[in-house]
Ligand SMILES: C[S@@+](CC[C@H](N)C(=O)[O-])C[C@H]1O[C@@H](n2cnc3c(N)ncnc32)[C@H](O)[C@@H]1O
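A lone chain, given as structure tokens: the form predicted alone.
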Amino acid sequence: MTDPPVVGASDRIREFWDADASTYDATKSHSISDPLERAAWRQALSEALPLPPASVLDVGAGTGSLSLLAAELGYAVTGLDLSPGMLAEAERKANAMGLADRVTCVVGSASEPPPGPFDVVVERHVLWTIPDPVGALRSWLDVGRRLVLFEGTWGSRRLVHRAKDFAAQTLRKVMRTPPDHHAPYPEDVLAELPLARLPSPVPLVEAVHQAGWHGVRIRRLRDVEWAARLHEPWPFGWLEERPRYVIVADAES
């Protein structure tokens, strides 16, 4: 009798997101389907990206929420994701929206991007899922001229945030509100992710510096926070609100 094959972190991550593909877009902030939040994200993209028609690599594109917004703005987008299931949803949505000619989907690891070159590499809430985030950021430096990270901090250890998280979780159980994902993220996988559960954006900025990007700057995405809070039923919008940021850097100083 042979031992079962060892499943690595990357395989576990792929399996999680493949399973999540059918329910991921049910959460409005995942799919960016709320009109107000969609407008806030469109503004954030317009401010951070070079003028269209620039080429965009969307790393961890998932179901294509950010890729499709960028395509609507006139960008040529390549969506990269480890999960074939998530990208299948992105392709379906691109076809339905008449944007298939502006969006190309590529299945692959975040650390092995297509050769490019791309005018800009973007990601939204992806770095926390990568076992070697600095290595991934270095690989993006090889193919991109500008870096745009859309990130947030969900691991605050402040008493007020811990209390709000507990209240939200309790209310969701009592009200039987569907969770944001099909299942909790595996704890043993989370333990291998350096940027999971960040209490502040400091480790993100440090990782960008370590990877060799230049001119790093950061801005709070208050309009996105506000829009996301408004479309959630009270009190969840208030209880679950967390800071969001855009971090921008350049390949050359």
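Fair warning: this is a prediction, and the values are worked out from it, not measured in the lab. Residue numbers run from 1 along the displayed sequence.
Below, we refer to the form predicted together with this ligand, which is not included among the displayed structures.
Asks: Applying a 4.5 Å heavy atom distance criterion, does Thr153 contact this ligand in the predicted bound form?
Replies: No, Thr153 is distant from the partner.
Asks: Just checking whether Arg124 would be counted as a contact of this ligand in the predicted bound form - the rule being heavy atoms within 4.5 angstroms.
Replies: Answer yes; at least one heavy atom of Arg124 falls within 4.5 Å of this ligand in the predicted bound form.
Asks: Quick check on Thr78: any heavy atom within 4.5 Å of this ligand in the predicted bound form?
Replies: Flag for Thr78 set to no.
Asks: Find out whether any non-hydrogen atom of His30 is located within 4.5 angstroms of this ligand in the predicted bound form, and reply yes or no.
Replies: Judged by the heavy-atom cut-off of 4.5 Å, His30 is in contact with this ligand in the predicted bound form.
Asks: Ala71, Ala110, Ala94, Val148: which sits within 4.5 Å of this ligand in the predicted bound form by any heavy atom?
Replies: Exactly one residue meets the criterion: Ala110.
Asks: Okay, which stretch from 97-105, 126-134, 113-121, 159-167 lines this ligand in the predicted bound form, with non-hydrogen atoms inside 4.5 Å?
Replies: Among the candidates, contact is made by 126-134.
Asks: Within 74-108, which residues have a heavy atom closer than or equal to 4.5 Å from this ligand in the predicted bound form?
Replies: Those in contact are Asp81, Leu82, Ser83, Met86, Gly108.
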